[in-house]
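You are given structure tokens for the same protein chain in two forms, set apart as structure 1 and structure 2.
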Structure 1
Amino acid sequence: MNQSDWQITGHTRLFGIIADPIAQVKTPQGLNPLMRERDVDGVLVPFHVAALELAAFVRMLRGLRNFGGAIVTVPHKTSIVSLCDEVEPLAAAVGAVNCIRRETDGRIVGTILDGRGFVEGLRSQGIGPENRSVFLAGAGGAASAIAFALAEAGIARLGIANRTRARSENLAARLAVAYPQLAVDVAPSSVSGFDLVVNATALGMAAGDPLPIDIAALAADQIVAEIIMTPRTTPLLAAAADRGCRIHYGQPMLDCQLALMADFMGMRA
């Protein structure tokens, strides 16, 4: 079909993003054009679902025969895990799902793709994570997903530094179960000696935020990566570039994740 002539018909498959609040979401603007590029007869719309209604909504999706899949975001990423009929091992290990699809028999399958989006984003810039040592600042939702995806991708060593130490310890304990061969340090004393330094905290979004790491120990042979997208060049990336480090922006994580989500939800012509 010529996509400029495309319109919603009785054949069109329905996709969504499930969130509360919903107005801030940007995925419809990313995935609808991607479906037009891929010649997919589908539309992705916002589903504004409150936490208390999530279980009933997922039950309804099993019977919605033209439903292809949905992105799942705040506040549902943890609570939807137990509502899925099947959860991929990475999502089960992380304890969160951010994308679901409906199988033809109505079963709802969940996965998590933000960490894999980060890893694919690195690869898209020619940075392979295999056998690297990684310093991860943060132990929240995004940091946990990234830690598991980096472990899945075959890094050799992970240092986890988070303001709240108990969260780093909890993440390290969960990683030890899923990836017992991975060497994990909780609260490493500095970024020195790590190949790749990743900021997966929220620090850097607001003007005046402190830097998430002590940059005095950064050396020019290290790569410094962000997951914050706005501003594009965070104070951390600016400081790392000044020290001669290679820098990696936050945007590729989202770009790569959109493609992974489209693939997982079966957005194919």
Structure 2
Amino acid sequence: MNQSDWQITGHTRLFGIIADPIAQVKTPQGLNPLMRERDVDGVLVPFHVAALELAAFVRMLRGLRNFGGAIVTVPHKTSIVSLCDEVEPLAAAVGAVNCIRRETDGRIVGTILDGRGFVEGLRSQGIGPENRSVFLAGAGGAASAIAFALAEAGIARLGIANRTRARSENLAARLAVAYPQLAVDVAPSSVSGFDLVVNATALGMAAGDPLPIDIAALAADQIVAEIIMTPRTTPLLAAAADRGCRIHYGQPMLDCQLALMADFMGMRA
């Protein structure tokens, strides 16, 4: 479909991205052109929804008959799990959902695509995760999805660092059930000795955020990766580059998720 020929009509299906804050999201810029390429009569818009309003918002979506689905991002990935009518097995294991769709009967079904997108993003830049040791900052929804995807991809060792140790221990326990062969270190003392360092927290999105790791321990032979897309070069990536590390931006994670998201939400003509 030619972009100039497309118009919103009474037949147009609605899709969205649910977040708080919302200004930093880039999914609309990716999925709207993809729908035009697929000849889909749909539009994806930002939904700025605060945590206290999420349950009421999801209830509303069940009755919105021209709603197709939505991407779910910070801070709603874990809290929306209990609001879905059905959650796919991997999302249930991770304890987070980052994509929902509305079935014709109004049921909301959730899945998690963050982890697969992150791993495929690494591979798209020539970084294979197999047999690597990984330091993971964070143990929330995105971090959990990435941990499971990295385990599935065959990493050798995982260190989980989170402000709340209990959350790290919970993630480690869930990984042990699914991947008992994976060596997991809860609360590693330093990033030193890890091949790949991943920031899977929101630290770096806002001006003045503290760095998610102690950069003094970084060495030039390490890879430092972000999941944050705006700003493109976070303070962590800038500091890692200054120390000679190879850096990996957040954008490839989204790029590799776009087709997966579109397929799950039924973005097809």
Ligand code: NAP
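Note that this is a predicted model, so its numbers are computed, not measured. Under this definition, the rigid core comprises the largest set of C-alpha atoms superposing within 1.5 Å between the forms. Residues are numbered by position in structure 1's sequence, first residue being 1.
Trainee: Please let me know, 1 or 2, which structure is the form predicted together with the named molecule?
Mentor: Form predicted together with the named molecule: structure 1.
Trainee: Name the rotation angle of the smaller rigid part against the larger part between the two structures, given in degrees.
Mentor: Smaller part versus larger part, rotated 31 degrees.
Trainee: Report, in Å with one decimal, the C-alpha displacement of Met261 between the two structures after core superposition.
Mentor: Here the C-alpha difference is 3.1 Å.
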